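Okay, so we've got the same protein chain twice, two forms, each given alone as structure tokens, structure 1 and structure 2.
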Structure 1
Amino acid sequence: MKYVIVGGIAGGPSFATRLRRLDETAEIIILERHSAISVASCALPYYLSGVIPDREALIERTPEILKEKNNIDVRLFSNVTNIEPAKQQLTVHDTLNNETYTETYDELLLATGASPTLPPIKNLDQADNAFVLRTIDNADAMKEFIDINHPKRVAILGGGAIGIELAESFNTLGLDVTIIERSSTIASPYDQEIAEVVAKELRKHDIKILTGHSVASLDNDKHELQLDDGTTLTADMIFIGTGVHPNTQLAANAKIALTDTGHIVVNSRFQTNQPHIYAIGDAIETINYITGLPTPSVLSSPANRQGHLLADIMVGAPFEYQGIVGAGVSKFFNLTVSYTGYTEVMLQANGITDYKKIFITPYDHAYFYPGATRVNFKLIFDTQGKILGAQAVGKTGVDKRISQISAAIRGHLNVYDLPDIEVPYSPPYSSTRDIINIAGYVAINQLTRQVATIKAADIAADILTSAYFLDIREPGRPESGSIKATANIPLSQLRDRITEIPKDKPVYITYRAGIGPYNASTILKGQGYDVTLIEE
């Protein structure tokens, strides 16, 4: 049996090596249009900054190794220009020797990935100082430009993970960095509470952030960027990190069905609509494991998993892909930021609005052991308690808790299960009641509590002038909430001073941080008060 794989970065080699383990006699060919396979794309920002000095280290497997260890025929600089499904053959352009030939296949795998999308900026096509970062060749080009031209100011278009990682890389190299982000917050897909912490960290390292702006045109002679509001910005280097699109023109030409977003349509066994043609990785649309909704496959870990699984499927295993949870982590200077499943941003993009959320800021390990820092942790769940996603930011212990939630999601656990998940405890690592346990308790309280809640904006004008607004924060704690309180009675004094609160008025608790407001409502309800918590 002859297997041909188009694309050798992540899913392709994973498929090929697994297949070899399962079938010693298969003929396996990988066709890769670039100069290397098995590139650690996520490491490119660290290669650029010099944190990873060794270029060879970025290439996890060379064609020689795959030949020797796995008997796989890897062909670099091999651009597939056409597929003829009916004939089970393809046209390959060997760009190194500028030769074109035909290759046949019994089974074909498209692992063609995605490429950076260039935004519609006037004169961008003539800029010689604008870069993207997807391949090791891109990284080499950027390094060379910096070595020769010694740029001082760099503009980063797009404030997502890659933009922020590059901001750090350029900052490490001593450049002055400005991030220009079209939307109102950076660090997509994180929600605002998390993104704000990231933005603060970046500003602390002198990185400038311009949100709500995009670039309209370039003046390449003056090294100027004209923004959408007419202002200009000088930058002698430009990095574009505004998104990617799937590499599926080849598939489209072969009449392989695509979605509206240009992703290849596959079933749960990675079959396209064309016989003997499969697809995996960033080029496909799959389903979300949590909701079953269609979602593009992104990132290298799922691609790697899909490649391995497809090899099993192809040799006859009765497996089906169950979909992607979606999980990410980034190191932004001294912060770790991580998510699994859905953020609010993602839910809203999918039209899902019927969800609950909690936000807590416990310590990463026992507060009495040296070095404890707070983790900003957000959990999102549906009205039945099903976990939809989690995200966190902090200095340590962040990826650990998000990884745990990722496992919990895979096990279909819900918030009622979180208090029962055992986090190994010792003061340097965790707390007896650890972050995910607390998240569970707070989420359960929110789902089961009898106390009413209202959003500040929804409070009627007559209530605003007649009700009793109680601020229960302790002395010295910062204010929270937008509504001015009638009185401040710290929670610790509430039982003793409860008679100060009139019983004939509805009581609204203005302070919003932590579990305190729930405890206050319990105390007040226990004494017959009509209590409502104000939510943002």
Structure 2
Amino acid sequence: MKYVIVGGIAGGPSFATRLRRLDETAEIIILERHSAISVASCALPYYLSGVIPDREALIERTPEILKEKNNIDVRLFSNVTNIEPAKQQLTVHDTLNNETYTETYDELLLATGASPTLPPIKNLDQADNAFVLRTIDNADAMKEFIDINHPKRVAILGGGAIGIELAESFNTLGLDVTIIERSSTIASPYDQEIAEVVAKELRKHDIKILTGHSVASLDNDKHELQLDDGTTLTADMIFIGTGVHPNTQLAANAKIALTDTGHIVVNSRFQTNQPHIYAIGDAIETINYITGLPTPSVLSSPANRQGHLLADIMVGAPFEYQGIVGAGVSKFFNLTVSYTGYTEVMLQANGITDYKKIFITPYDHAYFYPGATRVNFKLIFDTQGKILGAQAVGKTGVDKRISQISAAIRGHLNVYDLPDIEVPYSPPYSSTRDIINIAGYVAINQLTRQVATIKAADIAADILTSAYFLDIREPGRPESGSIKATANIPLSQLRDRITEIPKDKPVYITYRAGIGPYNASTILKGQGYDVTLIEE
């Protein structure tokens, strides 16, 4: 049996090496159009900054290693230009030798990944100082530009994870960095509570952030960017991190079914609508494990797992792909930020509005052990307690907690199970009630209506004029939320000043992130007050 794989970065090699372990007699060919396979793409920002100094360390497998250890034929600089499903045949252009040939297959795997999407900026196509970062070749080009031209100012278009990671890399190199993001917050897809912490960390390291703006045109002679409001910004170097699109034109030309967003349609066994053709990774649309809704399959870790699973399927295993929960983690200077499942941004983009959320800020380990710092942790769930997603930001222990929630989602646990999860306890690592235990307690309190909540937008006009709105922030803390408070009584003073609050009016505690509003509500309810917490 002859297996041909188009694409050799993540899912393709994973499939090939697993298949070899299952079938020693198979003929396996990987066709990769770039200069390397099995590249640790997520490590490229750290290569640019010098944190990872060795370029070769980013290449996990070479063609020579795969041939020697796995008897896999890897062909670099091999651009597949056409698929003929009826003939089970490919047209391949060898760009290194400028030769074209045909290759047949019994089974074909498309692991073609995704490419950066370029925004519609006037004169961008003429800029010699603008870069994207998807391949090791892109990284080489950026590194060469920096070494030769010694830029001092860099503009990053797009404030997502790759943009922020590169902001840190450029900052490490001593460059003056400005992030330009067209939405109102950076760090997509994280919600505002998390994004605000990230933005504060970036500014602490002298990263400039311009939100609500985009670049309209470039003046390449002056190295100037003109923004959508007419203002200009000087930059010696530009990085474009405004999103990606699936590499599926090859599939479209072969009449392989695509979604409206250009992703390849596959079933639970990664089969396309064309016989003997399969697809995995960034190029496909799969389903979300939590909701069953269609979703792109992004990031290298799902692609690797899909490749491993597909190899088993192809040799006859009765497995089916169950969909993607979705998980991500990034290092932003001294912070770790991570998510699993849906964020609010994602839920709203999918038209899901019937959900609940809690936000807590416990310590990452026992508060009395040196070095304890706060973790900002957000949990989202439905009215039955089903976990929809979680996200967190902090200095340590963040990825551990999000990993536990990801496993809980995959295991069909709900918020009522979280207090019972046994997290290993020792003061340097956790508290006797861990962050996820506390999140469960707070979520259960909300579901059992021990604490009434209402969204700010749902408060009726007559309530706004007649109720008592209490702000419990401590002195020196900034105001938060959209509702103007009737009075500010800090939580630490609430018991002593409780008589200042009228009992003949409903009391609404204005928005403040953390567990403070809940604690305030228990104090007031214990004294007979009618209390509701406001969510933004």
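Each form is matched to the other, and the largest set of C-alpha atoms that superpose within 1.5 Å is called the rigid core. Since the model is a prediction, treat every value here as computed from it, not as a measurement. FYI, numbering is relative to structure 1, first residue = 1.
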Index of the chain form predicted together with a further copy of the same chain, chosen from the pair: 1
C-alpha of Thr465 moved at least 2 Å between the two structures on rigid core: yes
Residue shift check between the two structures, rigid core fit, Val507 Cα at least 2 Å: yes
Residue shift check between the two structures, rigid core fit, Leu22 Cα at least 2 Å: no
Shift in Å of the Glu474 Cα between the two structures [rigid core superposition]: 7.3
